[in-house]
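Only one chain is included here, represented as structure tokens and corresponding to the form predicted on its own.
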């Protein structure tokens, strides 16, 4: 049954309206209000006045399609990517980079004030009580920053094509090269596509659930230059596997690992549960700072290692470790933050719900000779209360949750544990603000927030937050 239009909405579907854009949301869409009703519009910028066709009306908001720009923002630029208007990737390529950074800071401030009820100070020199939100840390060159490409494969006029999906669809938009990908990743995708096409390896057809090659995944170690190629296939059989491997080895410099991942399910999930090495090593290696990480076909690893180092250095600075502290790292993943902290702490405990991630975390600890860290598999909201009941007392708690934020029971345990300080790493300003409100009410004070641009040209922003326990 179709969703009914909100009774009090001042607009209807297919209505044309004029709209002033006042901000951006977390997806990089413009935000405007028509008679107080929120309308989201892709590819428009704050300060612009635009003509819009309303294409969707829901209970609390509507969605519009840009028809014409009547007053253009001075920060609008020509997108570098030729498929910008069709691809579902970089939603902010039409906004000058310095303004992207400013808008992301403003997005954080808006959420802290509106959802968290926090007072934001203008700067560290502002003597009022409240939170300091620093300028967003950006990149000197916001191109070529992604160390991992996951590119679907399709067929068009009898030949293989690779690209990205159009927004909210599975329409494949063919792409020759992506400006935010490392050059080596773009090379891998091109080499595999051309070789598979030449060898007659068919693309996977998700509607018919037939064909072979589903995705081409390329991973590049920025510090080491090592390359892993993962061929995601619909079943165990990969025709002409030896010829395909030979083509990759001959044409891709520094390739260290070629892996086949088997995913025979009818699913939108990229990876299947089984992988086998076709040639080379099971792992490639990379470094963030002086910590080395082993990366497998299915390992989670931050896609922008340059900005990740800046983010983790800020987390380490906020933790302010002297070597005597016990640290708990919730949602620890493959141990990236845990290992950074362990170099400065007495003991670190890390917990993560994904078993493979904890296996990687333990491996990475051994790889770096770090012994003062213990990792556990489980839900943070269950394991940390259990640790607390066993007598573990944290001086510093670090959380880096998924977009949904922290479970309330975990926040309640942290409040009860009363660590001296807390470092909250967030990828979602809205859930961050919600959780900060709980922690503030529980006896913490939010001191400062450092936004970091982990994903230039998109609407996403990462934050590192320092909280201290009120005396």
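Source: prediction; values computed, not measured. Positions refer to the first chain, counted from 1.
This protein has a second form, the form predicted in complex with S-adenosyl-L-homocysteine (SAH), left out of what is shown; the following refers to that one.
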| message | Taking 4.5 angstroms as the heavy atom distance cut-off, pick the stretch from 279-287, 201-209, 134-142, 330-338 that is near S-adenosyl-L-homocysteine (SAH) in the predicted complex. | response | 330-338
| field | 197, 379, 356, 110 - the one with a heavy atom within 4.5 Å of S-adenosyl-L-homocysteine (SAH) in the predicted complex | value | 379
| The single option of 165, 271, 300, 222 touching S-adenosyl-L-homocysteine (SAH) in the predicted complex, heavy atom within 4.5 Å | 300
| field | Touches S-adenosyl-L-homocysteine (SAH) in the predicted complex: residue 89 (any heavy atom, 4.5 Å) | value | no
| query | Do residue 395 and S-adenosyl-L-homocysteine (SAH) come within 4.5 Å of each other in the predicted complex, heavy atoms counted? | reply | no
| said: How about residue 360 - does it come within 4.5 Å of S-adenosyl-L-homocysteine (SAH) in the predicted complex, if we only consider non-hydrogen atoms? | reply: no
| task | Answer yes if any heavy atom of residue 226 is within 4.5 Å of a heavy atom of S-adenosyl-L-homocysteine (SAH) in the predicted complex; otherwise answer no. | result | no
| said: Within 4.5 Å of S-adenosyl-L-homocysteine (SAH) in the predicted complex, counting any non-hydrogen atom, which residues from 360-376 show up? | reply: none
